[in-house]
Structure formats: structure tokens, C-alpha cells
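A single chain comes next, written as C-alpha cells; it is the form predicted on its own.
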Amino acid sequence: MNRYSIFRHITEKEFEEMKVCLSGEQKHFRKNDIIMRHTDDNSSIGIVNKGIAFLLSISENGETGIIDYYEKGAVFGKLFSPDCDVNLYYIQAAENCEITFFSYDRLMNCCEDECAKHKKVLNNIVMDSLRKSLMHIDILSCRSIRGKLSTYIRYIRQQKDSDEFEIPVSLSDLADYLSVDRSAMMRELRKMKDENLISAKGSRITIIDL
């Protein structure tokens, strides 16, 4: 599991108890379904149980971009996304997803018992959201495609705690997430392979000397 997950330090039994405590509602979405529109007037947050979801942005001229993606254990919601009236934002299922929704107000106001599992989740949500935001800013601040790729790969290695891992999204979606041209990114990946920095087969990456 991703080391930056709100499920860390929480057992499945504790999470099931927490869903009851917080009146969580579980829903299923098919690939490409809209999970949440940020124009909706709701303060609920979602936790990914299965699958991957994208935070997408649509600009004034109709261009769509991937702002973030959410794996198992990640949290999303209108309150954790950009507050901007220029672009439209929405959450879309990148593949079949299972999402548990909680009321933000219910989450922020601990139950009467102030249970330990509730406090763990609150702490994990804060830390997860902060880390993911700073990670993406750090990646996008790199000026070259090589720099963005290398920084991203190092972050994924840290998250997965392994030198060998599967990139969670397709290479086309990764190029969108890194805000680079896909063809140029693929050329850079081939150069990194030729220089024996990484080994790559599809989305499977093995770090050799990076």
C-alpha cells in the first residue's frame, strides 16, 4: 500500500467501525463516470477504497488537464481542491472505483468518545493532502522533462518503498499529469533506459541508478 495513505496505522476492522461512526456511504463508479463536480454544493469528501480517480480541470478554452490522481487510501473533495472560478474542476473515475463518502462536518467534529481511530484518520488526511500537493508542485517546478520524470519516479519509489513499481496511471495520463508532451516524454524515457538509469516495460519501472 502507498505509504502516504489515510489507511496507514488503521486496520480494516477499525475502518469499518469508523464508517459506522461517521455514517460513511459506499458507492461504486464505472470507468469515466463523474464522481463529483466542484460546482455541486456539497461538503462531502471521498476516500478511494478501490480503483483510481482523476481530479480534472477544464480551462476557459476547453482544454482538459489532470491536476491530480487518487489511488487506494487517498482522500478528495471540493474543500481539498483549487478554489478558482476560472476553471471547472471535477473528479472522474479513471477505472472502476469504490468510494466511501463522509460528511466533512461529521469528520471534523469527533464523535462523543473521541475515538483514537477517528483522530488517526484526521491526522492522515491532513498529512496526505499536504504531501501530495507539495509533491506535485515540486515536480512541476522542474524545468526539463528529464527533471520532472526523475523527480516523479523518485517520489513513487519513496511511496511504494521499492525500486521496482508500476506507475499508477497510463503513460499518456502521466504526460498530462507532468504537463509535458507525451512523445517528448517517451523519448526521454528511452534515453534514461539507454543510459542505464532505469529499466522500463510499459508502466513497470525499475530504478537502476537514478
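All figures in this text were calculated on a predicted structure; none of them were measured in a lab. In this text, residue numbers run from 1 along the sequence as written.
Keep in mind that the form predicted together with the DNA is not shown, yet the notes after this line are about it.
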Item to check | Options 43 to 51, 26 to 34, 66 to 74, 156 to 164; stretch whose heavy atom lies within 4.5 Å of the DNA in the predicted bound form | outcome: 26 to 34
Checklist entry - Is V180 close enough to touch the DNA in the predicted bound form, meaning at least one heavy atom pair within 4.5 Å? => result yes
Checklist entry - Contact between K13 and the DNA in the predicted bound form at 4.5 Å, heavy atoms? => result no
Checklist entry - For S59, is any heavy atom within 4.5 Å of the DNA in the predicted bound form, or not? => result no
Checklist entry - Taking heavy atoms only, is L55 within 4.5 angstroms of the DNA in the predicted bound form? => result no
Checklist entry - For 195 to 210: residues with a non-hydrogen atom within 4.5 angstroms of the DNA in the predicted bound form? => result G202
